[in-house]
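A lone chain, given as structure tokens: the form predicted alone.
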């Protein structure tokens, strides 16, 4: 019926309660096509991809694969049919080996008389990893020992282990530094050359224009338009995504890097081996201090140490205003610190909890009254205030966080700290995996916190964001601070790149 296409979708509909995620979606994916899917968070991109990858079932409509009816039972069944997906958030299981992750659901292929041949399994995993360009990761390694990016590369290996005809990449590049992005881009080129197809979901519009030969725009579950290469422009895509014009400049407009004199957070010669050594810094009231560098530069680990997650081997982290030393996350929270980690779904929010419970966790001690009781009306007031302040799109505070889009999950991650009236915010890649509209909201929030005299540490792998939002930038390389820049009008990416590579 549709044999000229790899994937054909007709009148696909999907709802989550009263929320209509997809409405009569029609898509045709041809061989050799790199199809970009764009739209604001909640537009339906990831929902459609999850249907194609067997993660969910459509409410109505039909899908065809190579001209044949296609209705996968689950993700493993979709892989058997030639469709693999790299999910947006972390999908690797930390407590098992790399090989077990790569062949999850398919280990029986290596069994004889009910006994698994682990030598063969590990060798097969090594071959897959070498084939995609990551020979340094081995099948017998424990996944929990890998850093964030390498765990994501294990997921890429799992997706490619079946030699798929269709590869779905859902926001993966936002979690990757140069090593991982190179792997992804090489695989995309390979899929194109082999006359296969790729779904590529990203909020980086320049990246989409560079990688894709076709881009489909969704808004509120409806396909708005599909653009060929000669029709693509960042301005047009933004307008189609949000239904309105968005000006090109969405970072801070001012070039004034001034801030208060009071030091709110101080680190004195702190070390966490092997990540960094003898790091000293101060963050002032009303200051946005940026950390820049590659994923293995040590900057993410410094953020963790400042919040007390990783115990420092030397030196100390103190809050001069409170006269307190930070030695644990509990001490950090108690003394007005907030931490928004890079790995949102595993470290920042409880996916299976409600929006209300996530928002209330840091403030329950403050709400507690005599005899240990908390008044429900006070809880509701706090929750509704944060939902309104952040513009979280949800049915109500009882909705589970796992049902929200990536951008709204990130708003929940922010909102729980805003309700705790924190003085110091450590934000590790806070705009990773969210659309341009939500990014603008996050940037305006940072500006507001700065005006209120809060101290912000912004850790980012995106140089334009780092330079556009920070009053000062500390660049990290090989576990040390390699350079410091103030907020300067003429400062560009070319001025800082040599200090991080």
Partner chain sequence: MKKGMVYIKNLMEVLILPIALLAVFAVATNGAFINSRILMTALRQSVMGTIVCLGLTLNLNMGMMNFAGGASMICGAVIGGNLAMATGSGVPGLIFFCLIIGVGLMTIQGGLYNAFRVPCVVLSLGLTMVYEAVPRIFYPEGCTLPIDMTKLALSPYCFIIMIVMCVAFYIITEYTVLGHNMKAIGENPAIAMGAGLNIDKVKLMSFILTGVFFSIGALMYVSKGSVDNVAAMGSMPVQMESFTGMFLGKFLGKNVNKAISVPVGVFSMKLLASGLTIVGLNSNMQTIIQGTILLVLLSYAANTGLIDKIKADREFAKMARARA
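Positions refer to the first chain, counted from 1. Since this is a predicted model, take the numbers as computed values, not measurements.
The form predicted in complex with the partner chain is left out here; the points below concern that form.
Look at 382-390, 292-300, 195-203, 307-315: in the model of the complex, residues with non-hydrogen atoms within 4.5 angstroms of the partner chain sit in 307-315. Mapping the unseen interface onto this chain, residue 272 counts among the residues with a heavy atom inside 4.5 Å of the partner chain in the model of the complex. Not displayed here, the partner chain is approached by residue 277 to within 4.5 Å at the level of heavy atoms in the model of the complex. At a distance threshold of 4.5 angstroms between non-hydrogen atoms, residue 431 is out of contact with the partner chain in the model of the complex. Within 4.5 Å of any heavy atom of the partner chain in the model of the complex lies no heavy atom of residue 258. Note on the partner interface in the model of the complex: the residue among 75, 141, 134, 187 having a heavy atom within 4.5 angstroms of the partner chain is 75. Scanning 419, 91, 286, 82 against the partner chain in the model of the complex with a 4.5 Å heavy atom cut-off leaves one residue, 91. Heavy atoms closer than or equal to 4.5 Å to the partner chain in the model of the complex belong, across 114-133, to the residues 114, 115, 116, 118, ordered by sequence position.
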